[in-house]
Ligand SMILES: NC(=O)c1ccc[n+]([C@@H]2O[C@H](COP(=O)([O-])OP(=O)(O)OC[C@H]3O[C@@H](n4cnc5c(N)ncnc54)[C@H](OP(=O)(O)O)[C@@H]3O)[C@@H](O)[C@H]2O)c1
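Below you'll find only one chain, the form predicted on its own, shown as structure tokens.
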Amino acid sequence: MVPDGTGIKKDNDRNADADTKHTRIAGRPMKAVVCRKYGPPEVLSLAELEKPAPGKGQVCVKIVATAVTASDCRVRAFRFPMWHPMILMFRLIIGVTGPRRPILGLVLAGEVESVGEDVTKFKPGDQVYGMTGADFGTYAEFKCLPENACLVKKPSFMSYEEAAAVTYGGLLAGYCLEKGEIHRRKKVLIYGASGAIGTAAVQLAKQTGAEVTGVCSTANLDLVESLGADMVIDYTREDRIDTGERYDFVFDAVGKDKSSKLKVSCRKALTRSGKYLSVDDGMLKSRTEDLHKINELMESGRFRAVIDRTYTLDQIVEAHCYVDTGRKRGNVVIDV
């Protein structure tokens, strides 16, 4: 059941967004969710801002669906591990007391409404989806981004909600698995196999022919098995890997700020030449070729979007509250 929108704050201050990319006058206002300071989900508020206009080499997308990701929640709360060597740099880049780019949101699916000068890859009416990365800005009705951003045309067989759901996990899982040289791996363990990144990682790893073991909670065992995992381990019941079990690739899809005895055991269960990789390791890159691959896999029935819940834009507080629980299965989608 989807909760109602109780608790969202209305804000008609058109000067709320200090980012000039979102304040260029284009004839009419748009709805957007803004975050002016770090804190709990309640710091998010619905505002009316000026609709952006595409500049040279840019496209303006009318957003139909976006998603609330763990990264969105981390930025909203500025919840970065204090051990991270880049913690001070994050504060300077993202914002000292609040996000410099107050419209959060990393992924979008929608229709190209207009294009700027010299745009050749897209035209008005094209259905597209993709990821804005550090530019954020998808908790809104419109978003302008460069035509060479991580943006691809959406196949007709894929709904906007599915497109918004597969983007974040598909891109990050694809990049991490490639970084871990997945095509050389025969026996793979994915810790956190039921989240946005984990559900994508299970499916992508299976495409390489690897034997995949997924780690998740009791409630998600059936889901992870349905995605192709050969074995599943319930972290609520197990605190170690069976003696003698070894993997040549262990992928931590939840990040280093969450740990358990089982995770420590997983890390130790590597073959001599095995590799351990966390989603937190290094700067992740989003690439259009990974989205094209997902298109192909979905069309052939070898990859599917996992959507837990769907909310509306004015239910963004409830959506963030739910993602903050850490219990979501796959993705939480926002219908804009």
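Everything numeric here is computed off the predicted structure, so don't read it as measured data. Throughout, we count residues from 1 along the sequence that is shown.
The next section is about a form of this same protein that is not shown, the form predicted in complex with the ligand.
- Taking 102, 130, 192, 110 one by one, only a single residue has any non-hydrogen atom within 4.5 Å of the ligand in the predicted bound form, and it is 192.
- Among 186, 74, 153, 121, the residue placing a heavy atom within 4.5 Å of the ligand in the predicted bound form is 74.
- Contact here is defined as any heavy atom lying within 4.5 Å of the ligand in the predicted bound form, and by that definition not a single one of 212, 229 and 276 is a contact residue.
- When contacts are judged by a 4.5 Å heavy atom cut-off, residue 258 counts as touching the ligand in the predicted bound form.
- Contact check for residue 208: no non-hydrogen atom falls within 4.5 Å of the ligand in the predicted bound form.
- Proximity of residue 164 to the ligand in the predicted bound form: non-hydrogen atoms within 4.5 Å are absent; the residue sits far from the partner.
- For residue 305, no non-hydrogen atom is located within 4.5 Å of the ligand in the predicted bound form, even though that partner is not displayed.
- Considering the ligand in the predicted bound form, the lone stretch of 214-222, 122-130, 142-150, 156-164 in range is 214-222 [heavy atom distance within 4.5 Å].
- With contact defined as any non-hydrogen atom lying within 4.5 angstroms of the ligand in the predicted bound form, the contacting residues in 309-336 are 326, 327, 328, 329, 330, given in sequence order.
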